[in-house]
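Below you'll find only one chain, the form predicted on its own, shown as structure tokens.
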Amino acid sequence: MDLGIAGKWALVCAASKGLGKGCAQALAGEGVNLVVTARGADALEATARELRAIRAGIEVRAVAGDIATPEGRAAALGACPQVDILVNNAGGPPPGDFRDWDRDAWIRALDANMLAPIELMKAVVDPMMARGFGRIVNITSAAVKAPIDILGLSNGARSGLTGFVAGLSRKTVARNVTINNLLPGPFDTDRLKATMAGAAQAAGKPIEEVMAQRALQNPARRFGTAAEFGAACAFLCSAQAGFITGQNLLMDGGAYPGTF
């Protein structure tokens, strides 16, 4: 299927690796020009080179910076001639006990996982509506659907973003600007490996064993891949997805046991 977005410009956040990179790769394959941003300059430049090789003729601009800061957002937006597609993404806050989190910990979580995406949407949504096309995808977490007790910072910040999107997305769709959220469960990323490494150390087991056991707990009997996550993101960004807005697409291999 031709997704009808070749030649568009996309800003993809936290795109140097993991799910953000998977989204950038899928969009590059559709002929989308990219501005990719992440905090690590070396990894970001390496990813940009990979993206340029995916499809001849696309332009890929790498902007290192922290999207949770005004300066990082301004640099990323300034590098993009126009933002037709926005993929909001940021690393999740650390796990822990809510009794140990002070105000600064909450503000950091809100800045990265709620307020930064809202500020980026604020910057691009009116021009998108004026042009009659826009696609915004927020990468959140399966914990929005099924909260995880030790991820309270993420549960709170990402749920706040979800509630905000529910209202805004109904105001923009008449101008062909959609806003949706992708909720990843267990995907084979560096973040998952880091989490599993901690669990393996605590259990005194090899990380390979712990990861294999964790994968088998999922109904799919495996972890998701960044490529299949990126493909779902690309479809939500497509011309054909103009009637999908305000939705929370759970991608967890069937782990969530509910009907709704």
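Because the structure is a prediction, the values reported are computed rather than measured. In case it trips you up, residue 1 is the first one in the sequence shown, and so on.
One more form of this protein exists, namely the form predicted together with a small molecule; it is left out here, but the text below deals with it.
Contact annotation for G246: none of its heavy atoms lies within 4.5 Å of the small molecule in the model of the complex. S169 falls outside the set of residues with a heavy atom inside 4.5 Å of the small molecule in the model of the complex. Interface membership of C23, defined by any non-hydrogen atom within 4.5 Å of the small molecule in the model of the complex, is ruled out. Within this chain, S159 is remote from the site of the small molecule in the model of the complex, having no heavy atom within 4.5 Å. Of the listed positions (A76, I139, V165, L86), a single one reaches within 4.5 angstroms of the small molecule by any non-hydrogen atom in the model of the complex, namely I139. Of the listed positions (D149, D104, E71, D190), a single one reaches within 4.5 angstroms of the small molecule by any non-hydrogen atom in the model of the complex, namely D190. Considering the small molecule in the model of the complex, the lone stretch of 180 to 188, 95 to 103, 129 to 137, 76 to 84 in range is 180 to 188 [heavy atom distance within 4.5 Å]. When contacts are defined as a non-hydrogen atom within 4.5 Å, none of A10, G29 and S238 contacts the small molecule in the model of the complex.
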